[in-house]
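This document opens with one chain alone, in structure tokens, the form predicted alone.
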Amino acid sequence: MVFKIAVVGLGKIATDQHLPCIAKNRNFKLVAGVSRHAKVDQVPCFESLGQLRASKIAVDCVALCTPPAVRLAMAREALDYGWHLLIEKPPTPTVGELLAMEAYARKKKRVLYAAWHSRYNKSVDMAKAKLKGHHVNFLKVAWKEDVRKWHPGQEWIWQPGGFGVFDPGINALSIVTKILPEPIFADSATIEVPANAATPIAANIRFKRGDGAAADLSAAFDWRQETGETWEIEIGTKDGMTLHLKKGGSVLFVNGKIAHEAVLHEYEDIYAKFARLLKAKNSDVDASPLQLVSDCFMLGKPVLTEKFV
């Protein structure tokens, strides 16, 4: 079966990842785009879901690539039209909205897939397998990049609900929540917010184990690094094993020796999984990375920093 899909929100991530991967996947056929400003070549484009519905174009599913703040209402509208949903990360601005979206999809008997693209490579899967049954007592996440390179001109990221530096930081947390054998929890955070923004440009976070056992668990996110990207996760266990994920989780070192280097096909794998979920009529919604971000904001101490220009 070929699923007829529309992409909603035709910004950078849709253009760079979703559209090319849909074109390569035989399980999907792009039938429409939805955006108030952008267009897609060779398919009809509309300014709203309502206009798409009124066009009578047959649609099976929708990929929501809009900013998170507007997704719940759009998701409900799409579900009311009988369409299945894939949602880009971060899925929603709050955990409550994600849970409400999941419940509504269940009520409408539609598939809802909340995709966390950084989880999709073999190095991450190998790290998860290596850590199974081990007691983690060390975690150091460094996720640093240049906001001007990765989010050029995107003002929504600085508005309430836009996540700020937690937009890339949640990628790291999506890996951490997948591979750790036990959940961790936010303990404290320092969050740097530019004087002319509502969301952070940097954050330093301390985590804790749920059982209260001593552990050194931390993360540093920063959007001001202009000398290339640092996307790394270091993990240590009580029995002396060390893991080091580099390059966004694609390269894995175990005890100092390279164990695997993945060829990244994150969005290709996302659409392969979406096809499987659609065929099986199953949803996949994991709120744990979003929950960690929410808890960091709840427990974080805001620090005002210079304006972002």
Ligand code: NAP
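Since we're looking at a predicted model, the values are computed, not measured. Start at 1 with the first residue shown and count on from there.
Same protein, other form: the form predicted together with the ligand, not shown, and the subject of what follows.
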| task | Considering the ligand in the model of the complex, find the one stretch among 87-95, 105-113, 122-130, 181-189 with heavy atoms no farther than 4.5 Å from it. | result | 87-95
| the ligand contact in the model of the complex: residue 208, any heavy atom under 4.5 Å | no
| Does the ligand get within 4.5 angstroms of any non-hydrogen atom of residue 196 in the model of the complex? | no
| Though only this chain appears here, would residue 61 touch the ligand in the model of the complex if you measure heavy atom gaps against 4.5 Å? | no
| message | Considering non-hydrogen atoms and a 4.5 Å limit, does the ligand approach residue 276 in the model of the complex? | response | no
| Among 26, 257, 37, 56, which has any heavy atom within 4.5 Å of the ligand in the model of the complex? | 37
| Ok, 13, 21, 299, 285: which has a heavy atom sitting within 4.5 Å of the ligand in the model of the complex? | 13
| field | Residues of 164-189 having any heavy atom within 4.5 Å of the ligand in the model of the complex, listed in sequence order | value | 167
